[in-house]
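Form predicted alone, single chain, as structure tokens, below.
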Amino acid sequence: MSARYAPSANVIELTESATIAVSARAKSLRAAGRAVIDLGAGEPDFPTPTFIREGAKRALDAGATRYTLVEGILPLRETIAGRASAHLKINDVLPDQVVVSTGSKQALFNSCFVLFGEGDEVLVPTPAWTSYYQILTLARARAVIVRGSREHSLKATARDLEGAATPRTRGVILNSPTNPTGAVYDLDELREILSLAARCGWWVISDEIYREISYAAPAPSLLDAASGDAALGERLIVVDGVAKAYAMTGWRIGWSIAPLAVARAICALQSHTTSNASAVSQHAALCALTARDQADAAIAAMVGEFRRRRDVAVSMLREVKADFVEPRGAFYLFIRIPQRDNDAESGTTFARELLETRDVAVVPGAAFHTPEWIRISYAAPMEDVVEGVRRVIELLMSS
């Protein structure tokens, strides 16, 4: 049985996640017998730490198999609120301001869906994670691309954002450390952006999923930028989760911290979509966030290995004078691909040729609205990173 399908207006402009598509293509080629090096993946290649897995087993044995509150179990929300208050110098974050969701992607979707609607414009410093643009489309809002300068590691400044604003501007989505570049906004830059947003009455959604994967210095949160000035936090939503820093991508636990009225709206929305996140996953996340000594040691070991891989890859690229953004966090390298024959999609062309002729999968920059770039993930074994980058350089030099 088949029927002609005409997509509804809800999804007619929706496109598949480019990062997921690259990973799927790499897996299909591997299944066909090709020895593909996958440098497209956006997840740590480490197992979830043993103490977290053991905590999940204890929770299962104790009966953590039933529905929870839509917003999540209270001990987890108390822990998240406490960390935001104590570690980020905010004194009044309440558990009721926290909603636990099925991954940080759902927390982002929930936030955009309850804050923005038809006719609203939301500023997105670009390049940015591909799902921001699609999530805003689903909310019937318009993503406004704001490009940062190459000299500023492609980060958008408060002045850049102000220059892109119109009377329809309702918010900004920030991400630091940044996917796809690995750039990190410093505290002064965040304060300037948050101050601008407060003056203009904009909502700010801060995606901080990579914040604990930082190299030169701890990456500041927008809660740090709001510290000491309650007005700066009045329209701030912080999104985070356990996926990246705790190697828990498959557990699907994220959360939002928002003003009470926004948190209640997010909870109501989630009650009609997915309801609560997985009960056992919530208990695993609680273990990750409360067993601090073990967690800190696991994170330090993982970040140390990411740093080693980054340093080797960066050294290789510098030797050939490649143009790339210096990554100070996350686990990505963003490399500019020179145009050939006036090819405006040089990154896409390069990524396709790299996969088909040299068996290396990377994400074309077009996924992030920067078609002359590619993104490499060094969340892969060192030998794969070295060999993959060597093949990237080989193709670059032959272009």
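As the structure is a prediction and not an experimental result, all values here were calculated from the model. One-based numbering along the sequence shown.
Below, we turn to the form predicted together with a small molecule, even though it does not appear here.
Screening 297-305, 73-81, 126-134, 280-288 for residues having heavy atoms within 4.5 Å of the small molecule in the predicted bound form returns a single hit, 126-134. Not displayed here, the small molecule is approached by N179 to within 4.5 Å at the level of heavy atoms in the predicted bound form.
In the predicted bound form, the small molecule sits within 4.5 Å of a heavy atom of A243. At the 4.5 Å threshold, heavy atoms of Y210 reach the small molecule in the predicted bound form. Not displayed here, the small molecule is approached by G103 to within 4.5 Å at the level of heavy atoms in the predicted bound form.
Here the marked residues A158, S206 and G233 all miss the small molecule in the predicted bound form; none has a heavy atom within 4.5 angstroms. When you look in the predicted bound form, the only residue of Q270, Q97, S214, N175 with a non-hydrogen atom within 4.5 Å of the small molecule is N175. When the small molecule is considered in the predicted bound form, only one residue from G365, G42, P49, G55 comes within 4.5 Å through any heavy atom, namely G42.
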